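Only one chain is included here, represented as structure tokens and corresponding to the form predicted on its own.
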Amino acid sequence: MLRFGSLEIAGPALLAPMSGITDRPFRRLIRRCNPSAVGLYTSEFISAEALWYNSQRSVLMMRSDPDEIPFAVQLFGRDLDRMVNAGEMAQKAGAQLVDINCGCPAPKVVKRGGGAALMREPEHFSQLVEAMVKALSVPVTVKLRAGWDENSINAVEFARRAEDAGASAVAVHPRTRRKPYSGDADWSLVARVAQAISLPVIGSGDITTAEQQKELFETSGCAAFMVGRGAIANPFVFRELAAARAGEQVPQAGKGERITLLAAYAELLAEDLPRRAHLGRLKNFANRMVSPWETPELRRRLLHCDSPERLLDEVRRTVETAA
């Protein structure tokens, strides 16, 4: 059994935190189509600054369901007191693990010293991890990038610092902040981090198929891996990867199953979000999920849909007539 500190993790495939994606409706959707195949669910990243000022939107982002086990909250920020406060709030809200985001490349995050900007401040990083470990009773993990840029690949150093500060696991997305998602992820760096520390290491980036799982995860020596963007295009990816690990035939979702899932997502979004936000999320998800059957005009038509009902009708017509 895989463990992150005191927390048992049922399997190596973890849902990566994604801003604007891994809210409660999306996590519910992933559980629905991947029973028992996801080892850990993580929230969208949440601003410690916003929680310090008791932003109700940010507080709601920490919601989870009783069957969402185990559940982690990812936080970003630079200030020690505010990050500790945010960790305590997450723990009180039911998080069984708190993750520190040290990898987000977004300008609005790094300009305030959070996300990947923390990888430019090794001493402050160590102090932050140590402060949160001491304050919380749940495991604390960190998610790193390869480094700030190609001239400062320092994930190994920061992983060692995280271990020394008491973290329970380290995730590594092996691209630099300068290359957010372009090019191939360098899994040789994940392997070097796994060799350098005794903590469980989680690789992140580019695993969406059974072949990539075998080539990248199974040869890296890391304990687990995260799936992020691949779970948007293919929400069934976790069950496919679990079947491959078990040596079973990999099930492929058909048109009907994908349409049914999209309709279910629309219902889940309606429970948590106002109608306008609900429609925007649904458009984003639909664009990616129906890509195997996309027609040249589909993206334009979906963009101009003015209701979830019209969007679902458009998708049904397109998918049912596509090859």
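The shown structure was predicted, so the numbers you read here are calculated from the model rather than taken from an experiment. A residue's number is simply how far along the shown sequence it sits, counting from 1.
Although it is not shown, the form predicted in complex with a small molecule is what the next lines describe.
For the three residues L40, F236 and R239, which mark the spot I'm curious about, does each lie within 4.5 Å of the small molecule in the model of the complex through at least one heavy atom?
Judged in the model of the complex, none of L40, F236 and R239 sits within 4.5 Å of the small molecule.
One stretch from 117-125, 246-254, 228-236, 193-201 that, in the model of the complex, holds residues within 4.5 Å of the small molecule by heavy atom
So the stretch in question is 228-236.
Does the small molecule come within 4.5 Å of any heavy atom of Q213 in the model of the complex?
No, Q213 stays farther than 4.5 Å from the small molecule in the model of the complex.
Evaluate R161 for contact with the small molecule in the model of the complex, applying a 4.5 angstroms cut-off between non-hydrogen atoms, and reply yes or no.
Looking in the model of the complex, residue contacts with the small molecule do not include R161, since no heavy atom lies within 4.5 Å.
Mark G147 yes when one of its heavy atoms lies within 4.5 Å of a heavy atom of the small molecule in the model of the complex, and no otherwise.
So G147 does not count as contacting the small molecule.
How about Q74: is it within 4.5 Å of the small molecule in the model of the complex, going by heavy atoms?
Although the small molecule is absent here, Q74 would touch it in the model of the complex, with heavy atoms inside 4.5 Å.
Just one of L312, C305, M18, A10 has a heavy atom within 4.5 angstroms of the small molecule in the model of the complex, so which one?
So the residue touching the small molecule in the model of the complex, by this definition, is M18.
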